[in-house]
Every structure is written in structure tokens, then in C-alpha cells.
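One chain comes next, on its own, written out as C-alpha cells in the form predicted alone.
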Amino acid sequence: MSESVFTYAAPGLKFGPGAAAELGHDLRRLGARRVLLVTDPGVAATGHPARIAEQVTSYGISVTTYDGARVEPTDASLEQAIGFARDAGPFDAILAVGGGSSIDTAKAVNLLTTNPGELMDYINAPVGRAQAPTQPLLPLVAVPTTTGTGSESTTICVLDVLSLHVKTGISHPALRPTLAVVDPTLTMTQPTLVTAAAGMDILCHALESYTARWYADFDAKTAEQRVPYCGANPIADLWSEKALSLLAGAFRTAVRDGGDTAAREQMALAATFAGLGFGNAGVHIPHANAYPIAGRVRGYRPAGYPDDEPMVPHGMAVALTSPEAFRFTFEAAPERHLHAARLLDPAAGDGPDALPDVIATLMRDIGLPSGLAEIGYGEADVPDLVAGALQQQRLLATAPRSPTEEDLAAVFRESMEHW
């Protein structure tokens, strides 16, 4: 029996220049009196968190700041943040100010300061035990300072498990922020490569959710079996299509001129729309591949990111296999792949190469690496990368065409160099 029901959920949303100046009012409306502000050192250096904390304090709300969130969180960095919050608390609300890493850190802190157990109890199977929270979480207000992850809209917290060299996540509806406050002026400090990598995350969120397996093609579920990622559906489609249209007009401009306020605002809106889409429909092969790409990196250090250790930014890791992934999925839904390609470039061609060519041209134009080889991977790494991707069954289940181990190996091999 096929599924006949799809679900849709989203946080409250406040969008526009100056929106962050109203956070004191927003938190007081949520009943907050003691707030934990979570951010990272780079964002803290911009002065945004301090200004926001001062504004919130003016409403009679006590603010404690944790500025140790790690770009690309690990189990160790999340445990450090959770320990800080337990020692400094209790709190009655959490405020995340930063990119997806800060927001994901805040989600983990919220979960583990309101519920018993440890991270591995909640991390997705097969890496963790995939338990559901049993106690209500605190109100979480998410304020993104980058345009990309969509974490302010989603039910996902992404992290590296260091001992296993794997990137994975925690997924549950309770993790979705209560309110997303998207102020495009906070994104003006993004370095160029951060804008490029985070923008590719927006692009892949929109493309993957739009090309995901249609919700009615899944087996029917009971009410207890429903999960946040239900497959492509009519409502998520609207958000994804609009995000792609916004990216077509703003992405290259935002990378070329970070001071272009109109482009920054369009990118922030695209990130929000894409988050509202994929946060319900789901993502698939490019994101599944991104986890081992980021988790097994050896020597790559991207410009504009902390250089204390090697890393592959999440959006870059997602993008690097996306042309080949969409070439593989084309036959499952040709009309959707072609429509998406033409939303990004009205001059896009026909056939299975259309969308991959549009993506690869965009990646080249915005200065991303030419493929996996440029960030240090080679043929000998393919089996390990495939093994890591196969651990992401929650994501692969959403793919419109189910990949075999050999299919994934071919995608990785063909992604070594795109141009």
C-alpha cells in the first residue's frame, strides 16, 4: 500500500534587515528570563553576538554567552558546550547566533540539558542509538549569520564522531527551532569562500528536496512511523523552486561583491526558502556523500575558515559530488531535473547532462575546487568514501533512484575532477 499523507512543519519566522534588533522582545514573548547565547569565536569577533546580548539584556533578560562552538561540530565540541550549559544553567531559552555550526551546537545543548543520556543515545542509527527525546526542549531562537545551512528551519543537528571518522547527525522534530530570525545585514561579514560554499549548500538543499523521491512513492506509514523527511511534496516544491530562482539572480553577485546588499538579502531569503523545503522533503545522495568527504579529510584548509586543522566546509563537501549525483538520478525524474536546470539557467540544455553542466559551471564561476582530487582525495579513497556514504541510509532512502555500492563508487570516481 502506497503512502497517501505528507507532513509539513516550520519554525516561526521573522525576516528582514534589522530583525535581530527585536530579539529582546521576541525572547520576552517566549517567557525567557535566563538565556544561553551560543556562538563561535569567528562570529563573536564580528561583534554581532555582543550587540545582540546587550539588546536582549535591555529587556531585563539575563544572557550567558558560550562562544566556543566549533565550525563543523564534533562530538567532543558538542560535549564541551553541553558541559558548559549544565554548569552555567539552568536556562529557560537558548539563543543561537552564527552559522549552521552554532545553531547545531545549540540544538545539541538544548537536547542534552533537557533530556537524560549522552550524545550517542540520540545520534542517528547505525552510528548511534537514535533514541527520541522524552522531555520537552526549551524554546530555541536561531539567528543565522551565514546564508546556507538552513539549520534555523530544520530538525537536524550535524556532527563529526571523531573516533569513527564519520559525519552523522541527530534528527528529531523536537530539535526544530521555535523561531528563526533572519537578518541579512548579519551576513555581510561572510568571507568570499564561505559565501560560495554556504551558497552551494542552499543550492543542493533546493535541488535534492525538489528531486527527492515523491512522498506517495513510499510505503504507507502509521502515525507513529512518520519522520520529518517525507519526500518531495507540493508544498516543499514551492519553496525549492523559489530558492532556485533567487539563486539564479543573486549567487554569483554575492560571491563577487560581498557588499551588495540586495544580493545578500536574496541569498538569505533563498537559504530560508530552501530550508523550509528540504526540512520537510529531505535531501539525498549529495548530502550522504558529503559526510565521509568531510569526515575523512586529511590536509585541505579552505580560505576564510579556521586553519587550526584540516576541514572541508559542509556546503563544499555536498557540492563536490552533486553534478555526478544528479546525472545518476536523472532517469528517475527527467522533467524535474530539466526544470531545475532551467530555473538556474534558462539556456540549459537537454538530457542527463543539463543539470550537471549548470552546477559545474556555477562551481567554477564561484571559485570552488574542481573536484575531490583538489581537496586531497584519489582513486584509493573511493571504497572508504562509499562505506561512509552507505552509513547514511536515512538520506539515501530519500533518493529518487536507489544507488548500489557500485553506483556510489562511480559517482565518487567521476567527481575527482569536473573541469
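Position 1 is the first residue in the sequence shown; the rest follow in order. Predicted model only: the values in this text are computed from it and were never measured.
What follows is about the form predicted together with a small molecule, which we do not show.
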{"item": "Residues Thr46, Thr187 and Pro191 all lining the small molecule in the predicted complex, heavy atom within 4.5 Å", "value": "yes"}
{"item": "The small molecule in the predicted complex: contacting segment from 130 to 138, 340 to 348, 299 to 307, 217 to 225, heavy atom within 4.5 Å", "value": "299 to 307"}
{"item": "is_contact(Lys167, the small molecule) in the predicted complex, heavy atom dist at most 4.5 Å", "value": "yes"}
{"item": "Asn280: touches the small molecule in the predicted complex, heavy atom cutoff 4.5 angstroms", "value": "no"}
{"item": "The small molecule contact at His314 in the predicted complex, heavy atom, 4.5 Å", "value": "yes"}
{"item": "Contact label in the predicted complex: Lys107 to the small molecule, heavy atom within 4.5 Å", "value": "yes"}
{"item": "One residue of Ser151, Thr321, Ser240, Thr329 in contact with the small molecule, assessed in the predicted complex (non-hydrogen atom, 4.5 angstroms)", "value": "Ser151"}
